[in-house]
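The chain below stands alone, shown as structure tokens; this is the form predicted on its own.
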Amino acid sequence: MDRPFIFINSAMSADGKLSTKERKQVKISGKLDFERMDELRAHADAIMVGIGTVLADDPSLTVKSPERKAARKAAGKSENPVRVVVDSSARTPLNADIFKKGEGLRIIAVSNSAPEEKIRMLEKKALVIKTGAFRVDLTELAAKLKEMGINSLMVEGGATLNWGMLSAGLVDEVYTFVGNLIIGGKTAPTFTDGEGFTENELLGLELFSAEKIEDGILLKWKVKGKKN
């Protein structure tokens, strides 16, 4: 395979929303699911998010547990996986938390139409990969990450990146924690936004695990591909 093993991990409300209509993060899962997510991060070679997630939530994308960080160091790795932001127009703020917190390589993936001045500023903080004319070419980016020795990639959203990865056929598995709340709102982001599939393009999944965790359920799916 000329790309890493790629999985999406996400928490959503019972009605499939990632956050509110104001794009404000909501506590959907509890401590056990937080620990599960930290474990996934600790075992991944890289974590990827879209620029929308960076602008809305400003995540650090670091491994939180001291024990897990120590285990990574003992294995000869950095404390944190490589942190990747898909940012076609080079809008990542220079004071974003991913630059401030934790050690490890940061990658900003931009398109070839991104402003050169912004790219130069970002290059002081991260490795910048240019791919795609106006939007980041996710297939090419995945191949470049594989060339760099990244064999497992954890995608943490948001909805636009999830759609981009799934519609490009780049996702092997999807893990969704469904929490015990309703968010609503026609403009609130769902698990996948983007253009959406037509009736003849629907993406098939195979459920291989369902586990009750605290007040929600963790569903694990294998991506089977287009249904027709």
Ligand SMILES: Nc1nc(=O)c(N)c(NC[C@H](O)[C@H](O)[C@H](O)COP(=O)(O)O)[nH]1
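Note that this is a predicted model, so its numbers are computed, not measured. In this text, residue numbers run from 1 along the sequence as written.
Separately, the form predicted in complex with this ligand exists; it is not shown, and the next lines address it.
Position in contact with this ligand when the complex is considered in the model of the complex, options 203, 171, 28, 40, heavy atoms within 4.5 Å: Partner contact (heavy atom, 4.5 Å) among the options: 28.
Residue 44 within 4.5 Å of this ligand in the model of the complex, heavy atoms: No.
Partner proximity in the model of the complex: residue 34 to this ligand, non-hydrogen atom cutoff 4.5 Å: Residue 34: yes, in contact with this ligand in the model of the complex.
Contacts with this ligand in the model of the complex, stretch 123-156 (heavy atom within 4.5 Å): If the 4.5 Å heavy-atom criterion is applied to this ligand in the model of the complex, 123-156 yields only 156.
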